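Okay, so we've got the same protein chain twice, two forms, each given alone as structure tokens, structure 1 and structure 2.
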Structure 1
Amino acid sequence: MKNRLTPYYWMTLPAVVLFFIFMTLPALQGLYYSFTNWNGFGDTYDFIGFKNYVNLFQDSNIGNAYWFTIRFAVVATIFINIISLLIALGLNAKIKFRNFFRAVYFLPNILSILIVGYIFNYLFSNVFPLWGESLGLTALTTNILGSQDLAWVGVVTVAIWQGIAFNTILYLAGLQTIPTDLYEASNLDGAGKWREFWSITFPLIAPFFTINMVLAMKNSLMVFDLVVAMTDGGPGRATQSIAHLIYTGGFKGGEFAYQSANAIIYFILIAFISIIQLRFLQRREGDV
């Protein structure tokens, strides 16, 4: 019996070793450093217990980053899901050149988020203000990325522009699993479009709704590239995401241990939200 399994053990060995060294070990080290005061450069540090964690809760930069990230993630998740579901319904309707449009709507997903961010950065500073002037929209006449209050709207808009691509394709795949005779039957029964959507379409694509909500939320909570390219966290710290704060504080600010503690809290937050979402949404699926 043991003999039969030997080749299988060998097959997994390299992956287990590499995974342990580059994934598990750093995660444990991160946890360990979060209890020290190491700055990331020097040779010496002290073990300071939960002090970093206590300080985290009194740090306005941390609070600021969590507030921005959560607000950003909630708004992005909601808009991405509503718009991509609408587009998927449109692409699933009787239209011409369906495959061509499907290809166009997916295009943003293959582009580098960093470069997309740079392109929109330019549009916000130079192109949209021109539109604002000609249309008389005062909000658009200046670069909104330069405004403390509105910069986050700019970042979230681009996240939505790109995030829609992926979710649309998943919703479309979901819609195509629904047998058409269900619609024919409901048509005979005289159900309207609205009723048809809530009674047939939506319940049947519920699993896709769950996947899309969780993925969009997780991706948005981890936003980094877009922030770097569009605002670099500014103006001030108005658009600093948690990931951006860990990067800048940890690598450039000498807060290696402190940001390690932040990363642990961040991990707990993401795991917590993902699990809650999965539970809640899957229970909803079961009901229908």
Structure 2
Amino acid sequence: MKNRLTPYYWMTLPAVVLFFIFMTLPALQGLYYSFTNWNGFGDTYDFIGFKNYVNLFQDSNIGNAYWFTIRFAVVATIFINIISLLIALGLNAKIKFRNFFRAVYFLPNILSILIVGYIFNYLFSNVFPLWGESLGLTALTTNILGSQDLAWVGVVTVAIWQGIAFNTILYLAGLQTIPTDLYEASNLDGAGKWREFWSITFPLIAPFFTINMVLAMKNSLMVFDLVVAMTDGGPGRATQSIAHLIYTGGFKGGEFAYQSANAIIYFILIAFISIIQLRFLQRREGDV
């Protein structure tokens, strides 16, 4: 038996080694440096214990980044899942050019986030204001990315547009696992579409709903590329996410150790939210 498993161990070993070198080891180094005052490029540093962690909870910039990121993640997760589920229901129906529409809705997922961000940055800055002036729509005449109050709306709108594509595919996969016999039986019983959805469709795609909710929340909490491309954290720090703050402060601002501590807290937050989501939603799967 051991001889039969040996080839599988050897096939797994390179992936484990690469994962340790490029993922686990840097994470452990970050944890180590989080207890120091290293600036990221000097030769010397001192151990300062938990001082970085204490300062995190007194830093207004840190609080602002966490507030933006959590607000962004909650809004994006909710709208991505609602819209993608509605689109999946439509694409799962017997409509003309169904495969064509499926390809069109999946297109945003294959585009680079940076490219999408730069394109929409140009649209918000140049195209939409011109349209607003031509159509007499005052709401479009100003670039919302330049507003401290509205810039986050522009960023989250683009994130929702791109995030819908992947979730739609997952919901479509879930819908296609539902036997058509159940819908035929519900039609014979005279059940309406609304009743059919809550009694048949949603309970049977509940595992896919759980996956989509967790992935959408995780991806939204880790937002970085889109912020860099659209606002670079501005105006001011209105759209600065946690990942963006860690990058700019750690690699550009001489706060490597301080932002390493921030990254540890960031990791714990994402893991905690993901675990809570999984436990709650999996429990709901059993209830429905």
Partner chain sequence: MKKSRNRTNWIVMTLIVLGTIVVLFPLYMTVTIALKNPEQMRQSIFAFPADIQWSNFSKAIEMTGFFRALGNSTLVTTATVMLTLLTNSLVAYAIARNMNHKFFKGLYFYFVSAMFIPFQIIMLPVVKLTSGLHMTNLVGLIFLHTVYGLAFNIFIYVAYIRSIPMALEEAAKVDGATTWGTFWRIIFPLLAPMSATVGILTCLSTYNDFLLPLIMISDQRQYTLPLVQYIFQGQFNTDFNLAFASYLMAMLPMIIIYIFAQKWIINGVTQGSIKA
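One-based numbering along structure 1's sequence throughout. Between two forms, the rigid core is defined as the largest C-alpha subset superposing within 1.5 Å. Bear in mind that the values here come from a model prediction, so they are computed numbers and not experimental data.
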query	finding
Of structures 1 and 2, the form predicted in complex with its partner chain	1
C-alpha of Ser274 off by 2 Å or more between the two structures on rigid core	no
Met11 CA shift between the two structures in angstrom, with the core used for superposition	4.2
Rigid core fit between the two structures: Cα deviation of Phe20 in angstrom	2.6
